[in-house]
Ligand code: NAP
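This document opens with one chain alone, in structure tokens, the form predicted on its own.
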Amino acid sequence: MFDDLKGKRVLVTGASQGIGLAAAVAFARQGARVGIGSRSVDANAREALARVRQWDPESEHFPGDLSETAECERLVEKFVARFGGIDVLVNNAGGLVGRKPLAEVDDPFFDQVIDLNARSAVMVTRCALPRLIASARSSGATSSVILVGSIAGYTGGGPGAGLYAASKAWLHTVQKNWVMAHTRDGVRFNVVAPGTVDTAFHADKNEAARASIGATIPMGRFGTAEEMAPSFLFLASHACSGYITGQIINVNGGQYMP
């Protein structure tokens, strides 16, 4: 079904665990050439690379703090030097950072949340854009940028997660401008918006909390990272989604239906 992903050069940021790792493995299984990004070289990153290399022996890990523009530039440059270009970009880097009610939000916390979740996606995309355009022009197929949003972008997030939710809603919206500007360049932009997924993001929740949240989901349970991955393959594949751009794919078990 995703045969056209074979040989595609795919960069997945924030891929040392969770949804990013599941997406990277899924791309590698389809024969893509995969680069994974993470903040640092640690045990998670090493294990992630080993998993991806089971399917793509040429895959590589590119560490860097993508809340810094210079690191975004460096990541893209190193990926291009390794693979010769970029066909698909998955902007998965991000995180909650912490929970703070409005009364406790200060400048450093604001900057940290927005830089990690919004600046990273903008700057990596900006740096990759010329290569994505070049790929589309040379291949005759569209290039794909996939942002990772969240159900929180609709609902406002849980207690103390307002800035995180706002940063995800911002990603849901900013792509609309990029679609208007760059569709003629052969680049498509879409969002995958997961619901409540059983990853480290929710590791702090006890069984009672998990059961309470599960009761709000028609499917009755948290999703898994592996259940998110096919949406990335679909949006990356020109054969499957070449006429789809500016959309949000909600993968949430019915938890929220806009």
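Keep in mind that this is a model prediction, so the values were computed, not measured. Heads up: residue numbers just count along the shown sequence, starting at 1.
Keep in mind that the form predicted together with the ligand is not shown, yet the notes after this line are about it.
Remark: of stretches 164 to 172, 177 to 185, 78 to 86, 134 to 142, the one touching the ligand in the predicted bound form is 164 to 172 (heavy atom within 4.5 Å). The ligand is not drawn, but in the predicted bound form it has no heavy atom within 4.5 Å of residue 69.
The ligand in the predicted bound form is approached by residue 93, whose closest heavy atom lies within 4.5 angstroms of it. When contacts are judged by a 4.5 Å heavy atom cut-off, residue 146 does not count as touching the ligand in the predicted bound form. Interface membership of residue 65, defined by any non-hydrogen atom within 4.5 Å of the ligand in the predicted bound form, is confirmed. Residues 118, 190 and 250 are none of them found to lie within 4.5 Å of the ligand in the predicted bound form, as judged by heavy atom distances.
A single residue from the set 231, 30, 59, 196 has any heavy atom within 4.5 angstroms of the ligand in the predicted bound form; that residue is 196.
Taking the ligand as positioned in the predicted bound form, the residues of 1 to 34 that bring a heavy atom within 4.5 Å of it are, in sequence order, 14, 15, 16, 17, 18, 19, 20.
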